[in-house]
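Given as structure tokens, the chain that follows is alone and in the form predicted alone.
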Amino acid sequence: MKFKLSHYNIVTDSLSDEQSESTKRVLFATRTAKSMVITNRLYDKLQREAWDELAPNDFDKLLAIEAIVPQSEVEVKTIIERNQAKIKDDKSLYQVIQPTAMCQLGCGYCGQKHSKNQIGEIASERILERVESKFAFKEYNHLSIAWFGSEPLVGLAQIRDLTPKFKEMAQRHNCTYDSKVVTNGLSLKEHIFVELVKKHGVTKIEVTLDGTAEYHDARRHTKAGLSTFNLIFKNLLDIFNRPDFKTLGCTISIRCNVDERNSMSVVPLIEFLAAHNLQDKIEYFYVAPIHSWGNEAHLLSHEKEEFAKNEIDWILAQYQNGFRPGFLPGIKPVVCLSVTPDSEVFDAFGNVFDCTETPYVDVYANTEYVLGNVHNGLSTISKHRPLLSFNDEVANNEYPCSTCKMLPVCGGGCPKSWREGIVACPSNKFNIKEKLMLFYALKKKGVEALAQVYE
């Protein structure tokens, strides 16, 4: 069989190795998300595809991580087929429920239109019926519910009502069950946290803090303009400081949304979290650029290259303060629920969507993103999923993803953004080499040496 160097390889510039007095590089095979340190001499052989000059051990390693592939292989076809196979073979049924259209906050970048509406009894019954119907077409072994925007904990009564019914459904179909909550944290009191975990099967919670109090409160205040940071952080401390926090089995992650107005507060927030000894309690901390909610909020975000550069500083700041974030992305065959035929989003009005970014946003009302409404009968819900064909579109060269080396580890990014003409590439595309070099430094010299880079 003849071979070729895979298109899906990222290789750093030369790195000095003081111990061996040689220069090396880090090769990252995105097809498998595996890395390998190689010498410049080996790199030269790879560039020339001089396979007969490779030591058998090196060749076998490179073949195993798919840095080398059969010459006849059409690689993008392989990647797309793997992604589609993963979607087809997935035995987990994932549904997003938005129990209320209400949120206490008035975030300036949010494009949702909030109201006091909540899922009613009839809508609840029909949503349950809709989810139940999916078991007739595929055998699942797990049911996962995400309680999501506007602010799901305002709809706690609906969570209390629906959870035992979802649990019973899962049990009846011999499925395990779990759920997660994405919350602003204002209503996440300690006793609510315990209830969510012990009664409602919540195993993951994500809370947003947009920097330290000064910056967060300027963005994520209540609709009446009242500050929220201290209340949210007190809730988190009460939970994190429980003696049984780790044994309860629910992780809490912190997300920081940034644009040009608050990016300078990321490092102070990391230092603030570290000062409260939360390094081993926060599951992970990550920074996300503000995106479009149909309202051009993304126009205030940093250019992708600038965000990627800042992200390196934020990672180093985490290490300097005792956090241990990951450097390298993993394989991402399923980019989001929009590319899966069985996942759906239900809002408080009974509307059904295939994307979490479209409910309560006026721009998307009366568009193909609204698949239907459970009040009109389940048979009226459209079988057409506007974003379901994304992988096929990538395969047909309709987006730059088709030729991008990062496709296996990003899945193509947000399908809706590409449809709207917004470049959806993640930061990894622009800083992967820097992350590989940090990865090498960490492995070679340890955490302390890496942390010093930030000082």
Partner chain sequence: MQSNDLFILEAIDNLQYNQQNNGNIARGDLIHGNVYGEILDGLVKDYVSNMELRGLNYIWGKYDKALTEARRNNLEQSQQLLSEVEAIQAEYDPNTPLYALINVAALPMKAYLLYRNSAFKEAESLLFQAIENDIALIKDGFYILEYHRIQQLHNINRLHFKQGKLLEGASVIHQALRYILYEHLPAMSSDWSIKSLQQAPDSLRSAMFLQLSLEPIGVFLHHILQEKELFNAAFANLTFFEPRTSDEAVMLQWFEIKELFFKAEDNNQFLKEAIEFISKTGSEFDILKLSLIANISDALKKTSVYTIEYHQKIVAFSSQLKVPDRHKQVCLTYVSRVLES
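Computed from a predicted structure; not experimentally measured. Residue numbers count along the first chain shown, from 1.
Below: the form predicted in complex with its partner chain, not depicted.
Enquirer: Check each of 189, 82, 142, 221 and return the one that places a heavy atom within 4.5 angstroms of its partner chain in the predicted complex.
Expert: It is 82 that has a heavy atom within 4.5 Å of the partner.
Enquirer: Between 324, 113, 91, 383, only one gets a heavy atom within 4.5 angstroms of its partner chain in the predicted complex; which residue is that?
Expert: Going through each option in turn, the one that passes is 91.
Enquirer: Verify the flagged residues 281, 286 and 428 against its partner chain in the predicted complex: is each one within 4.5 Å by a non-hydrogen atom?
Expert: None of them does, since no heavy atom lies within 4.5 Å of the partner.
Enquirer: Tell me which stretch of 404-412, 58-66, 419-427, 35-43 has a heavy atom within 4.5 angstroms of its partner chain in the predicted complex.
Expert: Of the stretches listed, the one contacting the partner is 58-66.
Enquirer: Is there any non-hydrogen atom of residue 72 lying within 4.5 Å of its partner chain in the predicted complex?
Expert: Yes, residue 72 lies within 4.5 Å of its partner chain in the predicted complex.
Enquirer: Please check if residue 388 has a heavy atom lying within 4.5 Å of any heavy atom of its partner chain in the predicted complex.
Expert: Residue-level check for residue 388: no, no contact with its partner chain.
Enquirer: Does its partner chain come within 4.5 Å of any heavy atom of residue 86 in the predicted complex?
Expert: Flag for residue 86 set to yes.
Enquirer: Just checking whether residue 54 would be counted as a contact of its partner chain in the predicted complex - the rule being heavy atoms within 4.5 angstroms.
Expert: Answer yes; at least one heavy atom of residue 54 falls within 4.5 Å of its partner chain in the predicted complex.
Enquirer: From first to last in sequence, which residues of 326-357 have any non-hydrogen atom within 4.5 angstroms of its partner chain in the predicted complex?
Expert: Residues within 4.5 Å: none.
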